[in-house]
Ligand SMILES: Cc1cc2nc3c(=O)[nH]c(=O)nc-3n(C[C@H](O)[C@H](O)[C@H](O)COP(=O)(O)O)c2cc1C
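So this first bit is one chain, no partners, the form predicted alone, shown in structure tokens.
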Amino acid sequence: MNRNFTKYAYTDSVRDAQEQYGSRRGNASMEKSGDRFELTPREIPFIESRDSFFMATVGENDWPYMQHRGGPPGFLKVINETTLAMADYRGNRQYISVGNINASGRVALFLIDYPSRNRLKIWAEAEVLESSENPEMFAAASDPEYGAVVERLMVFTVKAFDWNCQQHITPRFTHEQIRQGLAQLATE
């Protein structure tokens, strides 16, 4: 069953910490808010515009692993309101995320837009597919113009999501964003 993100994030020890530090009452009301697992017109364009995100998995040894994923804007594809997919391009060939997904099937995705200071957390069930297992999904998730070697697909079924506060996000800009800003200043 898909649930509000607090069903995944607010364990007993988290509730105890919230009580200890005086935020339990406010967080208890978040637990009563509606379930959020279907992506809306707010989340979809945000996801489709990202050129990177962070993905957390957990290994069989119970240790977390965090990995940066990057590609052209929109490389993380929105397949529908509850499904995301991405072509998994050849990298350092350690396959830590692949192995962890194969073992647990769970991920947390952290997407951030530094200039606008927005961040989106997504809890998902994940699966690794070879291209022969789902040619339609493979075609939908691949970007033939990118030029990198696709080794497999990662498909994410969204179970919950939450927008995080903007506090403490330092705005950062890409070279292209700076170039466009300088060009606009020069025109003015």
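Residue numbers run from 1 along the displayed sequence. Computed from a prediction, not measured in an experiment: that's the story for all the values here.
We do not show the form predicted in complex with the ligand, though everything after this point is about it.
Proximity to the ligand in the predicted complex, defined as a heavy atom within 4.5 Å, singles out one entry of 73, 105, 115, 91, which is 91. Remark: residue 95 counts among the residues lining the ligand in the predicted complex, judged by a heavy atom distance of 4.5 Å or less. Taking the partner from elsewhere, residue 50 is found to have every heavy atom lying beyond 4.5 Å of the ligand in the predicted complex. By the criterion of a heavy atom within 4.5 Å, residue 36 is excluded from the residues contacting the ligand in the predicted complex. The ligand is not shown here, and in the predicted complex it never comes within 4.5 Å of any heavy atom of residue 63. Of the candidate stretches 39-47, 63-71, 132-140, 24-32, only 63-71 contains residues with a heavy atom within 4.5 Å of the ligand in the predicted complex. Contacts of stretch 120-135 with the ligand in the predicted complex, defined by any heavy atom lying within 4.5 Å, are made by none of its residues.
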